[in-house]
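Here's a solo chain for you in structure tokens, the form predicted alone.
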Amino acid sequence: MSLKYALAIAILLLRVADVAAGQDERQWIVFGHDSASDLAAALADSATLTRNQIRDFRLLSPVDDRAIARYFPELEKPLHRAFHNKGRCGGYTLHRSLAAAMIEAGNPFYSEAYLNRSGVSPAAIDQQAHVAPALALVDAGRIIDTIEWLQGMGTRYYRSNAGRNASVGLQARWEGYGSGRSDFSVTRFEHPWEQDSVIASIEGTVIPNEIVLIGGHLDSINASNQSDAPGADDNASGIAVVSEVLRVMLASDFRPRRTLQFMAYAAEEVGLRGSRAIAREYDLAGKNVVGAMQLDMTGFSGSPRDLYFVTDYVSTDLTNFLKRLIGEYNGPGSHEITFGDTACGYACSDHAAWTEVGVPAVHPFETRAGEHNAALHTANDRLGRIDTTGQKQALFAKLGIEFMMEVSKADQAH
């Protein structure tokens, strides 16, 4: 069977499974099979689950390197603790039906043949006239201000009023960046929990039906005390960078040929729920997303280089394009970026939601895997644990600007 035919069948089956499942609560999780024994042991020892619930957590046969199990709401905290102890952020995806979970576990969009395909990124890097002045506008102080503002909410847990307030407040902040521009809008994507995702758009002038996007997750989590989840690094730092990329793009009066979108996803920490809802809706609506960048944690300096490209569940071609951008714009000097590679070993952030539906995605990260900020998912994830100058975070903003401008391309008529 050809790859193209297999992908077409997979898309059809995913859509049928979603329709058949209706709007019911998702009842199945898919996760890395290497976590299965640790997860089962952790749940068996849980003091918060009943014997029937533990018995009902049925581990099924794996599909390749992934496993599937029953899910019920009481599992949220034990799951988070189990995956966190294994050094994983999120660590699983949620599904409405067993059929959908089975298909996702064997999704051909995760295959190396698909992820390594060529011709995804632009052939030319040719936006120097727009990129160079934009890089000079990046303000590290503004990035820190945004981190402090988000941290100051106390929590951005997706099922809290504070989580909802974070969405409302971020929408207002983003709207303030582009007031007066008729091609600019900010909306909230509603979910069946308190927190909304937030989406800002700059409409393309020539091919508006093609979308280039950058995003990060807005929620925070602390399974020990959800009211004390400041999430400065995870992921106020990513949202602050997305915000700065948006501000600079508007301040530069950049008029893109393709539509630009900036996303703050809800509920990433509990199975990529917000980004998966958006990616699925875009896919069903036939929206053409040509590239997606994920920014999840940008401020902790736990490894020798400035950033590390995640190499699994991403587009190899688009990742290499970002490395070419660094070669063009971030050599020795004030904008210099040093980089390396790392692997999550699982679908570790919202980029995987786009990969799941066949969108080329990239994920630059702050450290190598295993050298991450130990304060993540605790009350100690505060600004003092990461770069308080904003200079490290500013490097991610510069790369984000380069990505958005070079993939969308400027309308030369403006």
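Everything numeric here is computed off the predicted structure, so don't read it as measured data. So that there is no doubt, residue numbering starts at 1 and follows the sequence shown.
Another form exists, predicted in complex with a small molecule; not displayed. Remarks below refer to it.
Taking the partner from the other structure, the small molecule in the predicted complex has no heavy atom within 4.5 Å of any heavy atom of residue 244.
Interface membership of residue 31, defined by any non-hydrogen atom within 4.5 Å of the small molecule in the predicted complex, is ruled out. Put simply, residue 70 is far from the small molecule in the predicted complex: not one heavy atom of it is within 4.5 Å. In the predicted complex, no heavy atom of residue 196 sits within 4.5 Å of the small molecule. Each of 272, 344 and 347 comes within 4.5 Å of the small molecule in the predicted complex, counting any heavy atom. Looking at 207-215, 129-137, 147-155, 263-271, the stretch with residues near the small molecule in the predicted complex, meaning non-hydrogen atoms within 4.5 angstroms, turns out to be 263-271.
Listed residues 293, 229, 166, 297 were compared with the small molecule in the predicted complex; 297 is the one with a heavy atom within 4.5 Å.
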